[in-house]
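Only one chain is shown below, in structure tokens, and it's the form predicted on its own.
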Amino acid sequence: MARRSEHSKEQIREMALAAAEDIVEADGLAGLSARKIAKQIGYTVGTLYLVFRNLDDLVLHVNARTLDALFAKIQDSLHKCRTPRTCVLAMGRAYVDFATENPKRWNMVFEHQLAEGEEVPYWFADKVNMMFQLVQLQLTPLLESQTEKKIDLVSKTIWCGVHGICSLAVTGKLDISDAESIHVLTDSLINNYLAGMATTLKGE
């Protein structure tokens, strides 16, 4: 490791985020503290807070990296699908796979709560919205006669359903935890919802 004086502010930031990810992978959000992070990178907590406003700010940046990795995995899943329905199914499977492969980091994205009165920064909210936009993009050909508001509603309904199944499974609230078993549930949700939507649209 380089001497302390040789680390730039950006390098300390990167070191802190990587250390925080390691701690979360081992101990979850409950095991994360500024003192642990500082100790792991060989700096003081005071130095850490010259880079981040507070621990919440640091956690948001860790979660942002998790969302970036999740987005990349979901986007990559679209390379082999050929139809809107199979693409949405592929996205759902990629979401499940990421959550089961990285359960503690994935869970921290939803477990972490900002202090009362604090608002989620726009740059973080944009990362969340990008997920829904990917779903919307795939669903638009199936719902081309519908308004943008309707497509947005359908996208969020499907994705919230996929997330709910995944969350229950990953946190042990269902009697399954392996990715393939979760795929069965999310595939069923997506297929049945889209079939119902198709029937509804034909009747309009």
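All of these numbers come straight from a predicted model, not from anything done at the bench. Start at 1 and count along the sequence shown; that's the residue number.
In what follows, reference is made to the form predicted together with another copy of the chain, a form of this protein that is not presented.
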Using a 4.5 Å heavy atom cut-off, which stretch among 137-145, 33-41, 171-179, 46-54 contacts another copy of the chain in the model of the complex? 171-179
Would you mind picking the one in K127, H112, R93, K73 that has a heavy atom within 4.5 Å of another copy of the chain in the model of the complex? H112
N192 within 4.5 Å of another copy of the chain in the model of the complex, heavy atoms: yes
If you check in the model of the complex, is R85 within 4.5 Å of another copy of the chain, heavy atoms only? no
With the partner left out of view, is A69 within 4.5 angstroms of another copy of the chain in the model of the complex by any non-hydrogen atom? no
Quick check on N107: any heavy atom within 4.5 Å of another copy of the chain in the model of the complex? yes
Could you tell me if all three of H61, F98 and N102 have a heavy atom no more than 4.5 Å from another copy of the chain in the model of the complex? no
Let me know which residues along 176-192 have a heavy atom within 4.5 Å of another copy of the chain in the model of the complex, or say none if there are none. V184, L185, S188, L189, N192
